[in-house]
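Before any questions on binding or motion, here is one chain by itself as C-alpha cells, the form predicted alone.
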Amino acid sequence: MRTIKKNVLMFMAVIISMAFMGALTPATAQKTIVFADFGWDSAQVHNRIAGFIIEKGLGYPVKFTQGETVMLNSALIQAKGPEAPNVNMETWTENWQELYDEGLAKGKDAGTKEGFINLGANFPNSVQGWYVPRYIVEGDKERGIKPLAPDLKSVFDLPKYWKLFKDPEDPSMGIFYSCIPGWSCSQVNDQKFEAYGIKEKYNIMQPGSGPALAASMEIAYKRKKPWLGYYWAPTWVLGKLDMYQLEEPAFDQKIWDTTRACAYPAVKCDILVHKKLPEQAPEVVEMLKKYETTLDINNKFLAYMQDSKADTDEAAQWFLKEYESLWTQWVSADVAAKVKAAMK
C-alpha cells in the first residue's frame, strides 16, 4: 500500500514538474507565425527580416510557405492548417484586387472566422515607368559624362531625341526596351506609344526575360551609353543604377481605362494578417503595425543581393545591421537586445 502511494506521489510530482516546465517555456505553446513566401526577392527578404525579429526577439516560432499570389492569399483568408499563412508582408494589392476586397470584407465580418486585416504600408508605393540614365539628362562629372539631352524631361520630348536612342538594327528609328512578352505592361506600353505619338519614331524591343531587360540597362549604363525603356521598383537594378524617370501626365482612372495616356498607377504594398492573429499573437501584430520601410531601402537591399550574390537570409541580416536605427523603433529595448544578440 505504501508502495502504491509512493508511486502515485511520484507520478503526481512528474505531472506537476512537467506543468511547471511548460510554464517556463511558453514559446512552445505560442502561435506559429506563417509567412506567405511569394516568389520575388523583396517579399522573401521582408519575411526573413520580420521572421528573425519575431523568432529571436519575441519568441514565436516562424515558418515560410511558398506559392503564388492567388493561392497564398486565398489560404491567408481561410487560415486552415499548419502551412496556411497568417501574414503577408507585401501585398501588391491591385494585382489581386477582387480577392483582396473579399478577404478584407470577411475580416470585418464577426460572423465568420475567415478574412484578414490590413496593418498599413510596408513601403508607400511601388513605381513603374519609363526611364533613361540620369547622366543623359544631367551629365555625370565623376564619370566624365556631359548631358546629351538636357531638355529631355517627359515622354512628350522623346520624338525630338529619337536619334540619341538609335536602333542598331534599324538606324532610321529609335529603340525602346519594353516588357517581357506576356506581361500586362507590354500591352500597356504599346498603347502608350500610340497615345503619346511616338510610334513613328521608335521601335519596341521586347527582351525575352526579366534578367535580359535588366542586363540591357546595366550594360548600357556601364558603357556610358543611352538607354530608354520601361522598368519598375523595388528592384536591384534601380537600386544600383541612377536612373531618371520621364514625366507623364498624372494617373487618371478614366484615361487609364481608355488610352493609357497617363502614368502607371502606384500599386499598394501593405502588410496583412489573418483576423485572429491579434488575439493569438498580440506582440507580433503590434510590431508589424510599426514595420515600415521605403522604396529606396528595398532597392538597396535588392542591389546588395545582386552585387554580393547573397540569398534572402543574408540580405535580411544585412538590413538588420545597416538599418538598426530603423527596426529598433518597431520593438522594445529588451526585444532589440535579443535580436542583436542572435544576429550573425
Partner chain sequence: MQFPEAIDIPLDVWVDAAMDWVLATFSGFFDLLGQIILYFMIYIEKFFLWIPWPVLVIGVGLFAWRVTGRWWSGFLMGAMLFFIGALGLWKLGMMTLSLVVASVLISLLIGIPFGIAMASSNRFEAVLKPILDGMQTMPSFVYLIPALMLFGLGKVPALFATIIYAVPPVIRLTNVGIREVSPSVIEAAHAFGSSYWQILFKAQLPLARPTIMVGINQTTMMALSMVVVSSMIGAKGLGLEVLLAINRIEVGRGFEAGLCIVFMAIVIDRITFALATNKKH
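Rigid core: the largest C-alpha set superposing within 1.5 Å between the two forms. Numbering follows the first chain given and starts at 1. Keep in mind the model is a prediction, meaning the values are calculated, not measured.
The protein also exists as the form predicted together with its partner chain; that form is not presented, and the subsequent description refers to it.
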Interface check vs its partner chain in the model of the complex: of 219, 255, 105, 145, the one with a heavy atom inside 4.5 Å is 219
Answer key, its partner chain contact in the model of the complex at 4.5 Å (heavy atoms) among 189, 128, 206, 93: the residue is 206
Examine residue 155 and determine whether its closest non-hydrogen atom to its partner chain in the model of the complex is within 4.5 angstroms.
no
> Going by a heavy atom distance of 4.5 Å, is residue 211 a contact of its partner chain in the model of the complex?
Replying inline: yes
Verify the contact flag for residue 251: yes if a non-hydrogen atom of it lies within 4.5 Å of a non-hydrogen atom of its partner chain in the model of the complex, no if not. no
*Going by a heavy atom distance of 4.5 Å, is residue 259 a contact of its partner chain in the model of the complex?*
no
Exactly one listed stretch (181-189, 259-267, 133-141, 82-90) reaches within 4.5 angstroms of its partner chain in the model of the complex by non-hydrogen atoms, and it is 181-189
Of the residues spanning 63-87, the ones with some heavy atom within 4.5 Å of its partner chain in the model of the complex are 68, 70, 71, 74
Worksheet item: Can we say the CA of residue 123 moves by at least 2 Å between this form and the one not shown when the core is superposed?
Response: no
Check your understanding: residue 225: with the rigid core matched between this form and the one not shown, does its Cα shift 2 Å or more?
Key -> yes
Working note: in the model of the complex the C-alpha atoms of residue 207 and residue 90, off by 3 Å or more, come closer
Cα of residue 303 vs residue 207, shift of 3 Å or more in the model of the complex, relative to this form: the pair sits farther
